[in-house]
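The chain below stands alone and is given as structure tokens, in the form predicted alone.
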Amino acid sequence: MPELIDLAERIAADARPGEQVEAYVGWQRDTDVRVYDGDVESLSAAESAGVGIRVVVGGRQGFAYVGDLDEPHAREALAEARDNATFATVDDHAGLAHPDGVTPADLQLWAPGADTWPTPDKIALALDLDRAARAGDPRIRQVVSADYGDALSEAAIATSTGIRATTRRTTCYVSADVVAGTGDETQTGVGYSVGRDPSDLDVAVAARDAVERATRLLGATKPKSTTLTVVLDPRVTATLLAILSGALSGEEAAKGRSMFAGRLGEQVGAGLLTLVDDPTDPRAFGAARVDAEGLACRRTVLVDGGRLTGFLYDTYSARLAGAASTGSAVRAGFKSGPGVGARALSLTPGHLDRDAVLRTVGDGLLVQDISGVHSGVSAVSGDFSVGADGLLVRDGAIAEPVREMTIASTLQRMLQAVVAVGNDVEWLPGNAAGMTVAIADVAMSGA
């Protein structure tokens, strides 16, 4: 939509002397289909567009937005942002991004034709998924939901400091949530398939994933308490990395609210651990050409061979820390200003597949799901204590399922105790990739 950048440029050009103005213009269209019990339970299609405006003057920042692309309304929001700035507290670090000379990567994140897929074909995908999940195993008692979803988004950013940038992308997915049972026992499982275009989606993969995750936990018992090596399922690893992303924020580190504060250059993990945020990787669903301030996204190495080598910065947090932006500004849309965050965290893969990792471990626990993350894990202190379900590993092979236990350690110890990183990289919507990871000396509390 060329009109997005045109509107952004016209608003930014109205900056007064001594004033910085940023206009962020966004558009998004979403479709969601839910099938239940073989029929379409809900179908929704929504479109939103608007302009978010930041004004910085004399160290004071004001923000306002409008939920349409009408230029007179955008100018009213500009006046409101100016007014809001007069009530703000002076912050010497406040200010907009300036061009830094980094060229955005040439990424193809918009799937041609994704915006013209017929709605009946999207519904058909959800119905096919429902049928495939039901037929996946005779122990499947219910398909709680079979969903299709997609999002098409475009944004343009212009500032009085010289930023001119646009970005666009498409994402879509199917997911199945199933219940398996024998006798009085039931277990649940969720399976996915994701892509840029509906033609990328594989209903059979999503159904098989959901069915396997539910059925393999049938017969699970509460294990005895012990200390052992845990093998994290890729989705659990992705959750763990998403938690670590908060600790890797340059702003949180500068304010002492990170377990990594003051540890730059130190060995914070095992030598085989390298962690990178790379929004230029097109496999990542957080991939983007430019960040939420219009600077080029770039690959940032955060942990290299276990050594902490950097943090993620947007313009504000970089000034706070006396550093340079890593092109890591993120925002929820035109209704909010930018903050710092990861888009595509991933460990550098190892050379072993999941089965080889299990053989390396010998005896341990394959963790399929965790719960209580928000209350049991802290990126500030490093405390880690979560509920878990999974399967015991014995003599390098998957053994009986277990549930109703807690696994506990600290994030600091877990990073140091990584003994294997798999090669089974899995990208799902979110800011991190998953892969099989084995971590020694984790406490398991059960019976």
Partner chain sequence: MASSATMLVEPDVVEATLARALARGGEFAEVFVEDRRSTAISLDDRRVEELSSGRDRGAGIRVVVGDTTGFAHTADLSPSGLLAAAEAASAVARSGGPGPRPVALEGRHVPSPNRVDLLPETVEKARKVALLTRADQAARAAGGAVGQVTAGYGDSRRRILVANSDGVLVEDDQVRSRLSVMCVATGDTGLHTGYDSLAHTVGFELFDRHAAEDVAAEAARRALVKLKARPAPSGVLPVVIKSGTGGILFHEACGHGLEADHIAKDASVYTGRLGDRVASPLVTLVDDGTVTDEWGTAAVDDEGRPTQRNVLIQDGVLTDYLWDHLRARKERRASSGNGRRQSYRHLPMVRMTNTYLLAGDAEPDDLVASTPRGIYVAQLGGGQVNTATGDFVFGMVEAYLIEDGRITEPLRDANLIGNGPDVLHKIDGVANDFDMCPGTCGKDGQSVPVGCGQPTLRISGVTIGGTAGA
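Take the two forms, find the largest set of C-alpha atoms that superpose within 1.5 Å, and that set is the rigid core. This one's a predicted model, so the numbers in the text were calculated from it and none came from an experiment. Positions refer to the first chain, counted from 1.
We do not show the form predicted together with its partner chain, though everything after this point is about it.
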item	value
In the model of the complex, the one of 219, 376, 99, 362 near its partner chain [non-hydrogen atom within 4.5 angstroms]	376
Sole residue of 256, 112, 322, 138 within 4.5 Å of its partner chain in the model of the complex, by heavy atom	256
Interface segment, criterion being heavy atoms within 4.5 Å of its partner chain in the model of the complex, picked from 130-138, 193-201, 330-338, 346-354	330-338
Any non-hydrogen atom of residue 64 within 4.5 angstroms of its partner chain in the model of the complex	yes
Partner contact for residue 47 in the model of the complex: its partner chain, 4.5 angstroms, heavy atom	yes
Residue contact check: residue 142 to its partner chain in the model of the complex, 4.5 Å heavy atom	yes
Proximity of residue 418 to its partner chain in the model of the complex, heavy atoms at 4.5 Å	no
Members of 183-219 lying within 4.5 angstroms of its partner chain, judged by heavy atom, in the model of the complex	186, 187, 188
Rigid core superposed: residue 66 CA moves 2 Å or more between this form and the one not shown	yes
